[in-house]
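Only one chain is shown below, in structure tokens, and it's the form predicted alone.
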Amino acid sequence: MTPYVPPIADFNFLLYDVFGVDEEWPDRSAAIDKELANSILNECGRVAQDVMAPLSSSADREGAKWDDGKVSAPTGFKQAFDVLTEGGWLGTAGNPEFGGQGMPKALTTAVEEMFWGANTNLWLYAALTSGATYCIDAHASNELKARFLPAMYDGRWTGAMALTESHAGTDLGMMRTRAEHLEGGTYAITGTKIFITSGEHDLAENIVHLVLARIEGAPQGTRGISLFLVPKYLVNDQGELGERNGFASGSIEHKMGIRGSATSVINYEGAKGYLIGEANAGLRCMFTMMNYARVSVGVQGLGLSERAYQMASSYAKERLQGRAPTGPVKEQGAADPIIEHPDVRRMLLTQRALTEGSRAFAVFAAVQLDRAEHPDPGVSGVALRYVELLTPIVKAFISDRAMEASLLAQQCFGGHGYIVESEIEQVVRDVRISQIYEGTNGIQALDLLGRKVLQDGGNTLAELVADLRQAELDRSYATKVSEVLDLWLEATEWLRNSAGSNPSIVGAAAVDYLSLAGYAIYAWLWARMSLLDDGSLGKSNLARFYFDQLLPRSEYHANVIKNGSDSVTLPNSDWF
């Protein structure tokens, strides 16, 4: 097995040289400085490399197990999870008032990437907890925060998100789970949810579900959905565990990938739940968690993309096949390493340019998340608008590029990449889910174009592009960056003018529009990184490859958008 190597040097470059986050941290918290941040990154890398990564392939082979409602995580996960909880890794970004560590999102994004890359299956048992705590902290009563957040930050209790029902996936307005009022803010929750990641397992003593349900008599559709906190074990005012609540795992799914992560069907039978936020405002509350989860899923894809590249790069330097086109490199041997072949180098460079571009984008988005909490409303207001705009791109574009990069990594292995022992096929299977859950990437594209861009007339996008143009870039690429940003704005204006008379154009163009946006942002990032690298990280090589080989894709997507929707909408549905 190729050892996992945490990309700490790249994080340091992005955090301090590219984005200068250490200069902004004093505005947020005096408890974080560069020295402490580096200690956190190094310790995280150690845990990822030594504790988590060695369990990844065995967890895939063994999988999670279900027995009469009881769910068991793979062998070794409990001990590794205890290392995570004892190290405080589940509470890194949490509210310090309730026991969290309050770290900046720019730093916790780096932490998450390393944990996702080392062992996605294990980190999935922890990751939903962070999203749940964000939601509870933002919308729950102080009493619920005090009762549940400390133990969740400690990792003694974990979190889960229960939205989906068998008949209602993206269309949450169709959900049937109901809530019967008991007293005060408590309700009895009854219904069945599917695809509940970490909804039941044996790694923590309690699991806190955030459940969407409809209070009896509430309006139909999404206007009548409320959000409830439903713990596996009831908790008294002193935070002590009481009796088992009325829900259980009816089964776990048998999945293409992430097999060590338990995904349950959960049956709620009069389970006691506590209303979070106002009645019928559940979607607004839940989107706090979902937006966090969508960024995290993008970072999940990024972590696996990095893992795939490391495996492919190592293999390409060892595998001997054929001769380099310019002549033998290993004259005394029977063949040269396949890394000498231009097509293999093309695949490796594509993987690395996309992966390191994705890392830069993830940190850029995290910086905006941190600025959204700035005490100056002028700073926070702009950043919050940028976060809303960027979130669907982070989720969809990074995970799409991660799938592409992982498939290229598998291709580098040739036939061996299709064999289980190579372990690269597991990465391909594991990364696939990142394009699907927390809102499929098609839904992200519709959200970006329909809601985030067109609904505000493209004003936030124009503001973001204007800000990007102010940054100093490598002059070799500044013109190309300006051109692709113009292309993005031109496509936006064309769609604004077309959407009023063509109701299908948004749906037909959305995926290409999101891809165009992603390639434009990566162009800006690569021009910025190429300028600031001192040569030790090879960013200039990757920037040249990106602008020569990958950025031309943006013109393709712009052309597809302007070809309109007729070829998509004209065939009769029965023809399919």
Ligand SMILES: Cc1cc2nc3c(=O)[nH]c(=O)nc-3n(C[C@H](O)[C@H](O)[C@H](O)COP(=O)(O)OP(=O)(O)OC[C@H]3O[C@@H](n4cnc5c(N)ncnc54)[C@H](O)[C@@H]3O)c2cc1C
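Numbering starts at 1 and runs along the sequence shown. Computed from a predicted model, the values in this text were never measured in an experiment.
A second form of this protein, the form predicted in complex with the named molecule, is not displayed here; the remarks below concern that form.
Novice: At 4.5 Å between heavy atoms, is E112 in contact with the named molecule in the predicted complex?
Specialist: Taking the distances in the predicted complex, the answer for E112 is no, it never comes within 4.5 Å of the named molecule.
Novice: Within 4.5 Å, heavy atoms only: does E438 come near the named molecule in the predicted complex?
Specialist: Heavy-atom contact with the named molecule at 4.5 Å: present for E438.
Novice: Would you please decide whether K255 lies within 4.5 angstroms of the named molecule in the predicted complex, comparing each non-hydrogen atom pair?
Specialist: Residue-level check for K255: yes, a contact with the named molecule.
Novice: Hey, in the predicted complex, does I443 get a heavy atom within 4.5 angstroms of the named molecule?
Specialist: So I443 counts as contacting the named molecule.
Novice: Out of the stretches listed (268 to 276, 430 to 438, 112 to 120, 373 to 381), which one is close to the named molecule in the predicted complex, meaning heavy atoms within 4.5 Å?
Specialist: That would be stretch 430 to 438.
Novice: Counting any non-hydrogen atom inside 4.5 Å, which residue from S482, T197, T92, Q410 sits next to the named molecule in the predicted complex?
Specialist: Residue within 4.5 Å of the partner: T197.
Novice: To verify the annotation, which of these, C285, A162, I207, A308, has a non-hydrogen atom within 4.5 Å of the named molecule in the predicted complex?
Specialist: The residue in contact is A162.
Novice: Can you name the residues of 227 to 242 that have a non-hydrogen atom within 4.5 angstroms of the named molecule in the predicted complex?
Specialist: Residues within 4.5 Å: none in this stretch.
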